[in-house]
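In the form predicted on its own, a lone chain appears below as structure tokens.
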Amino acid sequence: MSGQKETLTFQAEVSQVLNLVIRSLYSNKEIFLRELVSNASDAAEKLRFEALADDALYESDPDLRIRLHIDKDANTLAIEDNGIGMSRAEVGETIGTIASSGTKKFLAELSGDQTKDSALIGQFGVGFYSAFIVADKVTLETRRAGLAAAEGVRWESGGEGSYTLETIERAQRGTMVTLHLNEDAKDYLESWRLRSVVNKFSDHIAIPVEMLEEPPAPPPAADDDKKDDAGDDADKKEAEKPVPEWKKVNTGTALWMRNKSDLKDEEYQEFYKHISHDFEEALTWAHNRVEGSHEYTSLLYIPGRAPFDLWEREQKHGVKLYVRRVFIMDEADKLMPRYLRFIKGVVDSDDLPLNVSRELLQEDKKIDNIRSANTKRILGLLEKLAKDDNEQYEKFWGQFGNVLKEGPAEDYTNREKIGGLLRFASTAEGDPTHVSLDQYIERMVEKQEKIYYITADNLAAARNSPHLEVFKKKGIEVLLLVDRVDEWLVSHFMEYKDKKLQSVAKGELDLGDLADKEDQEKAEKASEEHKHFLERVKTALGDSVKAVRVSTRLTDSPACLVVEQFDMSQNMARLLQQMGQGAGGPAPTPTMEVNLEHPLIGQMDQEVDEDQFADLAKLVFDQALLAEGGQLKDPATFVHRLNRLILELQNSKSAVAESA
């Protein structure tokens, strides 16, 4: 059946990744064996799962295993499994390309620093390509379980930019990856070397990893035996020669089923790398055995670095589901809420059916209970991390904080717990960037009843917003929310520990008992006295504003824009426009608040010429819009108006000077 051989070119990104893998990971060459053994283990587990519905897939070989073949004469090392195998189409799709929309981002992130790049490569998950660290040529032969007998495929490449794909005859299912080792990797032809790497990286794999082992030599012959006929023929001697046997070199027990007290941190970390294909260590983990109405074991990890596909729409969760040590499915998204999609690990249930499907998972109450318990376990783990090791929690927040902010909208039950884990920038002394809500509440001034915040495009715009002026004057801390997800967060998370969250840019300012009654009375009186002026400004601005009123927010700026309490914020409207969703509804029309004590507003109030008054009003409006991070609809007109007013001011000064 051999034939159909074709030579193909690697996808451009694959060639780049290959070069980077070889260059950046060369100093840690032994990783290649961990990655290839891990792939073989995955293939065996997938066969075990598919065989639940079709025993014929096992054919006559039900004992799953991984074998390491050494051939010193040929200078090759082969990793062979009798797992699910691949069809010709699957080989082409899996090995010739990197089908990930994160590829370009991954390549863009590379710095040229080998140490940093090796960490990025590990995050990207290029396990198979690590074979080229030690091999000048790689040959892969495979046959998909369940296909017609002997219908296999051979993939071969020297890693130079092209590969061959050929249909071959292959009697057994599964995959064999043969590495034609380069001169610097010949130590991997030694049994002791391979055994040490397997024990270091792959001891926890539940599938047996086997190597040929020479049996012990027979004891020396007794003196009487030496008197035997010395003319025994060569065939007899050959028959008595010890025959090598396949021996398991890993523990082969599912790590999560072992006693926590018997496990070392190094073993937990290696298992994490196995299931996540991450080259970096996990930040922390939780290992639990639950007994009672629902019996299961969970081992859940918090990674140290965010994966490249964290924000992809089709991104899957990283928890594997087992039933009584039998692998059922990868990326079981029902086992963890979406805002915890970065969690890696395994859940092994004792009482789910072996034929459980994704559809059944949607309706199984046992799964709901497992999910709920897992969620609380991870949130508790994060609480402990934040309390006991702030430096590590800061690292976590930098990688996953924005994902966690999705939590209050998705998980009402745990809203308060998630709230305690959130961190924000703040106007507090020292300009801290990671303030918790509990810290904010502890620092609240006397009689303060609300948690005040402002949303903006960036930190500078938030810190310098005119809306903060009265809060700075009164020493009231304001949280600065500058991530895109923050608008989504505050629309669903409106209260924490009986303290309402209040935007400083929405509605009429109500500081409750913090308000200065004298200032309020003064503002009310000024509103009445300058009623005509406020009406003139509203007329000049027309439909650009809903109303114009005297501000109690401002101390230094001439004006600011606010929306009603339950309107979409100006920042949210801008975000939707940037995302191409501006058509989903009109942006709210703001109210302009003016600071009557500002010289520019005083100048406006004295202006007699209606055209010049209108120009000044529009200029103040545009300035207020810019101050909060907005964009002008007509920048050119703004510039012309500003230039015209400057010239008129200069002419006015010149006229005064001449008359003097």
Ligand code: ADP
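From a predicted model like this one, the values you see are computed outputs, not experimental measurements. The first residue of the sequence shown is number 1, and the count goes up from there.
The same protein also exists as the form predicted together with ligand ADP; that form is not shown, yet it is the one meant from here on.
A.B. asks: Just one of T94, Q392, S491, T589 has a heavy atom within 4.5 angstroms of ligand ADP in the predicted complex, so which one?
C.D. replies: Result of the distance check: T94.
A.B. asks: Let me know the one among K618, R67, K46, H598 whose heavy atoms come within 4.5 Å of ligand ADP in the predicted complex, would you?
C.D. replies: Result of the distance check: K46.
A.B. asks: Would G407 show up as a contact with ligand ADP in the predicted complex if we use heavy atoms at 4.5 Å?
C.D. replies: Answer no; every heavy atom of G407 is more than 4.5 Å from ligand ADP in the predicted complex.
A.B. asks: M86 versus ligand ADP, in the predicted complex: is there a non-hydrogen atom within 4.5 Å?
C.D. replies: Because a heavy atom of M86 falls inside 4.5 Å of ligand ADP in the predicted complex, the answer is yes.
A.B. asks: Do T175 and ligand ADP share at least one heavy atom pair within 4.5 Å in the predicted complex?
C.D. replies: Within the cut-off, so yes.
A.B. asks: Using 4.5 Å between non-hydrogen atoms, is G127 touching ligand ADP in the predicted complex?
C.D. replies: G127: yes, in contact with ligand ADP in the predicted complex.
A.B. asks: 37-45, 589-597, 604-612, 627-635: which one contacts ligand ADP in the predicted complex at 4.5 Å, heavy atom to heavy atom?
C.D. replies: Among the candidates, contact is made by 37-45.
A.B. asks: Going through 265-289, which residues have a heavy atom within 4.5 Å of ligand ADP in the predicted complex? Please give them in sequence order.
C.D. replies: Going through 265-289 in order - heavy atoms within 4.5 Å of ligand ADP in the predicted complex - there is one hit, H277.
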